[in-house]
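One chain is shown next in structure tokens, namely the form predicted on its own.
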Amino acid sequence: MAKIVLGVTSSVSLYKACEVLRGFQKAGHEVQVIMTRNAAKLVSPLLFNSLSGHRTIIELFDEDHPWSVAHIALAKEAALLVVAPATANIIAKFAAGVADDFLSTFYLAVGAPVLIAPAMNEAMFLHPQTRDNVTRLRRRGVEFVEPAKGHLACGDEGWGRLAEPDEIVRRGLELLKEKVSLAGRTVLVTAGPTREYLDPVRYLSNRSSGKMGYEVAREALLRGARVILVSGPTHEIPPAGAELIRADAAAEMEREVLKRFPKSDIVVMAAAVADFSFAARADRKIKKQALPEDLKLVPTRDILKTLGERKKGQFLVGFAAETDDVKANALKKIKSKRLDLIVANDVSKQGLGFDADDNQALLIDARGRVTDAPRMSKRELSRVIWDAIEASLGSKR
């Protein structure tokens, strides 16, 4: 049994939230309701108290019923946040990070999947600002159940009618299923660049922000996996719940990865490991005048290839950052390194890949099957990657 938090806002269709609540209860889940102040003016919270068996939360600070940092405590328990109905106002608050009541504050605190079912007048739903807010939330991984077209409370006919409760419940249950799809598995993810030092000041590196690897780790956590994140130097904030190991140079990353590889079920090598290191490293900064004319480079060990040679049942995923012949180069890499899946992208395209929030990729499995992932946020792409991994794992059983 999972704990589902149901956010109810001040749309006239909020009476349908009762059916949504019942739908989750029939599926065997516990439901805690949060209402906005305006929603509580339309329908008494006592109704949801009776249906849910829990006191409905409205105020962030309630003197009669003190909730000790309630939004944080509840956020730790919640397996899913569903907002149905969701007004344009709450969608805008979520998109902007405004936290001025319990529901908007709870959204910022919760780490569980979020499902939003909008309900509003067609003009509000189709307004460019609302569409922009929806897009921003989608890019952050929020799921939506699109409203239907029909008779609206204002008397108009158009888009904005709350989706049917059964549809909202069905999508919510699908998200809950995804949350436990990797339960019991240990996932090892590498992210970011490595640095190969010439001296204490200068280094050689591969370009990487670490964003893609961190999103892959975050999605694995959401699906219930135990996640070990081996990260090169990056400014990214690690996802809460992941075991973080820092690795500066390629040799350090190799050591940390090989140490944990035998007990890992799935390994996703998203790090941009430097391909070369300096043959000699100075303990002190080398003055410009003393720099040798030729700096000798030596290749670093290929961690991904080593894992491919040593794997015993692990599912191994590699990344390929290419500037030309993306598919052909990826196919060579998946075979030469004995990978189960490769994620290849063209890093020569502006606004994609390096340092960007968006990416576009080809996913190729060991059988040569290709999935084309068009431009999307790295948050969304992480879902596509894990869906492909899980599909391949299912076909291997």
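From 1 onward, residues are counted along the sequence shown. All values reported here derive from a predicted model rather than from experimental measurement.
Another form, the form predicted together with cytidine-5'-triphosphate (CTP), is not on view; read the next lines as being about it.
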query	finding
Contact label in the predicted bound form: G318 to cytidine-5'-triphosphate (CTP), heavy atom within 4.5 Å	yes
is_contact(D275, cytidine-5'-triphosphate (CTP)) in the predicted bound form, heavy atom dist at most 4.5 Å	yes
Proximity of R301 to cytidine-5'-triphosphate (CTP) in the predicted bound form, heavy atoms at 4.5 Å	yes
Distance check, V230 to cytidine-5'-triphosphate (CTP) in the predicted bound form, heavy atom within 4.5 Å	no
Option touching cytidine-5'-triphosphate (CTP), based on a heavy atom within 4.5 Å in the predicted bound form, out of A271, V83, L103, I168	A271
Segment that reaches cytidine-5'-triphosphate (CTP) in the predicted bound form - one of 52-60, 362-370, 27-35, 332-340, heavy atoms within 4.5 Å	332-340
